[in-house]
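Only one chain is included here, represented as structure tokens and corresponding to the form predicted alone.
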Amino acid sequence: MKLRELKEILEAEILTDTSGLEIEVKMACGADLMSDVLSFTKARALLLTGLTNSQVIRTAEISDIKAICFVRGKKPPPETIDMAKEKNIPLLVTNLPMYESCGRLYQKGLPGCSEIEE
């Protein structure tokens, strides 16, 4: 699923360069604990989280996560946005809660990380 389509489904705003909207995302996961992200996500995933500090960008880079969407209308501080731009990781923000965000994406056919074999 292209990030552009995902943005529409989540009624999200993009916080970084819009050129990242053509990125293809293969699966998604929702987590606020970065240790869970490191343990359970797979490359080319979208991360949905409420954590907005720079740790989420570092974790995404290590895990080869393609994009991050902040839920519940949480916006990261400028230094987190700047770090994401440096790493070419698109950032989005939705006012939807985590549960509803995951549900909408799953309903539209985007699988969770546990469903994809690598």
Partner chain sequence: MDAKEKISVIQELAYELKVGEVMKKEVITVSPNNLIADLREILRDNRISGTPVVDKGKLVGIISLEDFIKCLLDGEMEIPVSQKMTQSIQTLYEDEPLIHAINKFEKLNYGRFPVVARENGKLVGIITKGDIIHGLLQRLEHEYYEEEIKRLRASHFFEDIIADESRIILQYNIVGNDFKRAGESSSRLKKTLTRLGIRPQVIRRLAIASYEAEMNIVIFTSQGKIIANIQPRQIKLSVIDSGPGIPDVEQAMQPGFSTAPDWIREMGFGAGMGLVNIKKCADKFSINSKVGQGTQIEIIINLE
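Please read these numbers as outputs of a predicted model, since none were measured by experiment. Residue numbers count along the first chain shown, from 1.
This next part talks about the form predicted together with its partner chain, which is not shown.
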Worksheet item: Are all three of Glu8, Thr16 and Asn88 close to its partner chain in the model of the complex, meaning a heavy atom of each within 4.5 Å?
Response: no
Discussion item. If we define contact as a non-hydrogen atom of the residue within 4.5 angstroms of the partner, is Lys42 a contact of its partner chain in the model of the complex?
Written reply: yes
Discussion item. Does any part of Asp82 reach within 4.5 Å of its partner chain in the model of the complex? Heavy atoms only, please.
Written reply: no
Worksheet item: So, in the model of the complex, is Met34 in contact with its partner chain at a 4.5 angstroms heavy atom limit?
Response: yes
Worksheet item: Hey, in the model of the complex, does Lys26 get a heavy atom within 4.5 angstroms of its partner chain?
Response: no
Fill in: Sequence-ordered residues of 62-93 touching its partner chain in the model of the complex, heavy atom within 4.5 Å
Ile62, Ser63, Asp64, Glu79, Lys87
